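Form predicted on its own, single chain, as structure tokens, below.
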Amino acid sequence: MQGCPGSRTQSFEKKDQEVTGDEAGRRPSELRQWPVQMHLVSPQAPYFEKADVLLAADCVPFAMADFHKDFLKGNALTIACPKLDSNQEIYVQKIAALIDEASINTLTVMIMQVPCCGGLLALAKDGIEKAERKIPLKVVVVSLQGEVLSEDWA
């Protein structure tokens, strides 16, 4: 198959002995605000003020079973897809506005290991570059099976 490796069809079959985890009980959602899609969020929204912001590629929460508990909790969220979203230049402006106008504390970008997801990190870096304030940037790369491959401050 030609094209983007991130579009290649794959199946992740789990054997009975591989299925682990405590599935007893329910956890509440850690989502603190709405909307979350980057095109719809406003940098002037009060929940972004002095917040730690998580910018996640659309596929990340579906790949990670404990996304809410391990990454979303305590953070303001926005999501985007660097492959499918149009008019992405507005994302750079919004990231710069989150930094300068909302005075966010940190930005964590979570991307999948596929090549096209690197575009989201590039957009975040462009937004940080355009901002007057400087903030820390953390990059988390997630495998197709939901494992954290790397987590580093950029």
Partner chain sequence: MQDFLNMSIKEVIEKHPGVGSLLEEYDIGCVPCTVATCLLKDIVTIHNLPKKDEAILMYSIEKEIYPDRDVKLKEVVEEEKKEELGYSPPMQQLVDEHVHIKQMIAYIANVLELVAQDEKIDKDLILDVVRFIREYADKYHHAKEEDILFDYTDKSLEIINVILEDHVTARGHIKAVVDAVETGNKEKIVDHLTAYQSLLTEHIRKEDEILFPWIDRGLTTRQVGEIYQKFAQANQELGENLPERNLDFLESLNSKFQQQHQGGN
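Keep in mind that this is a model prediction, so the values were computed, not measured. Numbering follows the first chain given and starts at 1.
In what follows, reference is made to the form predicted in complex with the partner chain, a form of this protein that is not presented.
A heavy atom within 4.5 Å of the partner chain in the predicted bound form is found for exactly one of 112, 41, 109, 51: 51. Screening 131, 135, 141, 144 for any heavy atom within 4.5 Å of the partner chain in the predicted bound form leaves a single hit, 135.
Interface membership of residue 37, defined by any non-hydrogen atom within 4.5 Å of the partner chain in the predicted bound form, is ruled out. Residue 93 falls outside the set of residues with a heavy atom inside 4.5 Å of the partner chain in the predicted bound form. At a distance threshold of 4.5 angstroms between non-hydrogen atoms, residue 33 is out of contact with the partner chain in the predicted bound form. In the predicted bound form, the partner chain sits within 4.5 Å of a heavy atom belonging to residue 105. Along 140-154, residues 151, 152, 153 each place a heavy atom within 4.5 Å of the partner chain in the predicted bound form.
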